[in-house]
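One chain follows as structure tokens, the form predicted alone.
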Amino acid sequence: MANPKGRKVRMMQGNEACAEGALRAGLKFFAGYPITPSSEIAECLALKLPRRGGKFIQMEDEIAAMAAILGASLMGAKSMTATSGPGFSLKQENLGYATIAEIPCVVVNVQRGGPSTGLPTQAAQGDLMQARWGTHGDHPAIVLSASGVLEAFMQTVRAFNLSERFRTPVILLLDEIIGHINEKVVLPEEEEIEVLNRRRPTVPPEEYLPYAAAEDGVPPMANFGEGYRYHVTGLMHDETGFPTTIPEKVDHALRRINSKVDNHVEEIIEVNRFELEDARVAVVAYGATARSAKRAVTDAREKGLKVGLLRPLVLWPFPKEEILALAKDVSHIIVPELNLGQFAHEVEWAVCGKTEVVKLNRVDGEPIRPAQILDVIEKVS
């Protein structure tokens, strides 16, 4: 592994890197409940977080864990929980609460096979739509992905930054393969990592309106216990935080909560491009499947096939402009994923009929292998 600066090379698991990224981002409170394949995140933080002045608590269930991190965040502590599919389902009600109350926090979901208990120890990518639409009502969603151990570290840091920046919960979707794979990594130094903190109020407590937004749609956030007292509720509320059913205020509040993300998609969305300059066929893949896709593209190039890879690092907001631009340049877009076509469904919508979308799906707990993707590339080329 190239390391020109002579820094320490570490062998890390994806879950361990996620925990380390959270610590580097300023995590001060973790609440969770053990569940395969995410448990190593909690295990690492149980050991390391108290040493850095933070608090770790194992809750009685995933519902309580989600509630606990919201309370800690309201007190000013950067907060996170980690889980897998069944636990993620239990968190949805409080995820909705975090959204409407605009409480920043990070939720890591290391995906496994489902529905229900499913395949506890095997990989899947079936929680994509749940991450976007799991809680009810019209709501924004920021959902990140990672395809390697170092990226799990960096994406965890970014999840915290986006959560603090937009005062909203952020979800990091890993999968069992990324959570448990071990790789050599060289972590950036502390001073090389950008860490964002929530915007604080500039007015005294008696003038503070907790949901009076700044120009970018994001309200400054005061911490409880520092002289600012305000009402927090899951009901629709006005700028004071108290419930309202006045149509104009309800409309304004709900549109603002969504627009603070929708109006900043260029700041949020991130994709990685590989061998796309002259590609006539493209593969779009994320998470562990993107690793197989990159190998398949490399093998296809060695056979003289003009194919490339678009890898979204942000799954929601959906990178529709990037997908549409790609569709205008290629004859086919292949979407391999460990579900029955959740991301491919969105790709089909985004391409507006400009090209053909080919699905490659696997739901038996095994990874999609490079040879499977290469076989599809050869068939459409």
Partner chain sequence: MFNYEKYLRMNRFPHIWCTGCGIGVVLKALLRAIDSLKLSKDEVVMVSGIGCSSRATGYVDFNTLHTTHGRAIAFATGVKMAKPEMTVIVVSGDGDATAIGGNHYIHAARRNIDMTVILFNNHIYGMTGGQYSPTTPQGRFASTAPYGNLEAPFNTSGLAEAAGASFVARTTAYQVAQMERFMKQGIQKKGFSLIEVRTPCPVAYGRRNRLGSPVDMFKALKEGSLTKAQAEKMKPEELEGKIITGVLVDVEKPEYIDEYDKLIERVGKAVSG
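Positions refer to the first chain, counted from 1. The model shown is predicted, which means the values in this text are computed figures rather than measured ones.
Just so you know, the form predicted in complex with the partner chain exists too; it's not on screen, but the next bit is about it.
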Check whether residue 61 has any heavy atom within 4.5 Å of a heavy atom of the partner chain in the predicted complex, and answer yes or no. yes
Since only the chain is shown here, I'm wondering whether residue 74 would be in contact with the partner chain in the predicted complex (any heavy atom pair within 4.5 Å). yes
4.5 Å heavy atom contact, residue 316 to the partner chain in the predicted complex: no
According to a 4.5 angstroms non-hydrogen atom cut-off, is residue 218 in contact with the partner chain in the predicted complex? no
Have a look at 260-268, 114-122, 239-247, 183-191 and name the one stretch with heavy atoms inside 4.5 Å of the partner chain in the predicted complex. 239-247
Of the options 57, 352, 325, 340, which one has a non-hydrogen atom that comes within 4.5 Å of the partner chain in the predicted complex? 57
Can you tell me which bits of 202-237 touch the partner chain in the predicted complex, meaning any heavy atom within 4.5 Å? 223, 224, 225, 226, 227, 228, 229, 230, 231, 232, 233, 234, 235
